[in-house]
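Just one chain follows, in the form predicted alone, and it is written as structure tokens.
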């Protein structure tokens, strides 16, 4: 039975010549499978799973119209008849479940990681090592024809339409904005000239494919870079695209090189929807909202208030392909929520690895990590209720095994219970909620406050034991480390009192998290209010902004503590943080005046503070509190020695197996993998 709570999400969208069954768009997310024809059966399974899960419209990862447009060397293209066959696998897999699918045409321009890069002007991008060549007038005309040919081939492949990527700083965005476009010919200068390429591409495609084919254009509605467009210019472009034949207008926010976060977990939910709503006032075609929309309540509010006609989610549908069906049947508590961590999706993409999902390791691995009902149910004990143990227990139970989960504390969640206390990581609550619901749904027997030993496990007759006992913080071993002002990161994140001057030992991910936690004003509401967040990052809150690129001077409140962040290594602090989110954490600490020191040797803690050695000289940091974030040690005492004989088979996963950097991505994947092998 369909609930009425989310009626706007589930309402069909009629486009005249075709109907999309609901208002949910799976936005473009490059997985890496697009780039090789032999991976298209896996890509078809990936998209087919989301279509089966109820999504109305799917947009593929970016496919280049020509070699110059490659994002990576030998990237995915659609420019010969030979490209059609693998794509038909994808369109068939989606259509058999009643969804529509668009192929995104993406020309990387100066963002390409390959030597053929071109752009509006020969200005090097800060995120690619190659300086682009400036396109000549003839080359621009040829590029338009390449787009038209690609769209025509997409139609022959069974796609319902194409999305033209005109945002995020890729080629068309480079032409649209003065940030890159410094031309003086008919393709540069005022906005009417700068938008000529995008408009001519749309006109050319519409003339080629006819009226009964969706053309979606992803338009940058907020550039967030110097010399970016104003909202008045964005609206001029939007209206011209509508006149040229666009069916749907999608939202793009920020360039990849912008120093303002747009999708990481600290960005408030639906932070940019008001800019979409402003554009929607000026066009008659449906407009799609995007960025940090991950739960039905947010999506429904956007649609119910008329701020957009559809909502786009990419990462949330990696996290849970059945998001729409769960929403439609009032099972929102069962949604595996995207926590916007980027660790397995975007970070993988930018490292040329296959994208997947931290909370859903099956994403893009549907044909390889398969959950099937067992014909031989076993009695399985999982020891440890962190995310590794939760993953193992719930997947094993869903496969039909009889599972008991032992947790020594009074709640499940493990290190996620610490992470969720960090400002900007409130989404981690959702993962714990999801696993708690799965424990109930799959019939896992949960025993809290139970520290179990091997004798008990053997006595209860378990056939398989999965050890997921996690880690403990590594202790500091210097003179004075026993003093009361020395705290572990776990004690701090659980609320232990901390002084006004703090030294944090260890500058990995936990050190950065603790620094941000201690910078938080004591009564700051969580999550951070949108207006405060916009001020802090210098975003113009006026949807009808007149500032170029929609930026303004940031207002950063004074830090509530004086913090030193220290590491032994001589490399830059935060070098091991995620590629797409690490810069955000480094920027936060820098603008709050955290003093980051490297090449530090720790000598002693005294009542005066922390004695350190740097460059051969001793110095005293006069601090009230020393917080130790110097790694973890695995708890693996349950594991038998190789020479010991046991009645059960023992397996070890997660932090208990390897304590390095609290890798939740690896922990959840290992839990799922071991559960499918038992």
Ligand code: NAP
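Keep in mind it's a predicted model, so treat the numbers as computed, not measured. Positions refer to the first chain, counted from 1.
Below: the form predicted together with the ligand, not depicted.
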## Note on the structure
Note: exactly one of 543, 286, 204, 509 sits with a heavy atom within 4.5 Å of the ligand in the model of the complex, namely 509
### One residue of 220, 312, 150, 567 in contact with the ligand, assessed in the model of the complex (non-hydrogen atom, 4.5 angstroms)
567
### Query
the ligand isn't shown here, but in the model of the complex, which of 445-453, 70-78, 570-578, 295-303 has heavy atoms within 4.5 Å of it?
570-578
### Task
Although the ligand is absent from this view, report whether residue 43 comes within 4.5 Å of it in the model of the complex, heavy atoms only.
no
### Query
With the cut-off set at 4.5 Å between non-hydrogen atoms, does residue 640 touch the ligand in the model of the complex?
no
### Query
Even though the ligand is not shown here, does residue 629 get within 4.5 Å of it in the model of the complex, heavy atoms only?
yes
### Query
With a 4.5 Å heavy atom cut-off, would you call residue 322 a contact of the ligand in the model of the complex?
no
### Message
Counting heavy atoms only and using a 4.5 Å cut-off, do 505, 513 and 585 all touch the ligand in the model of the complex?
### Response
yes
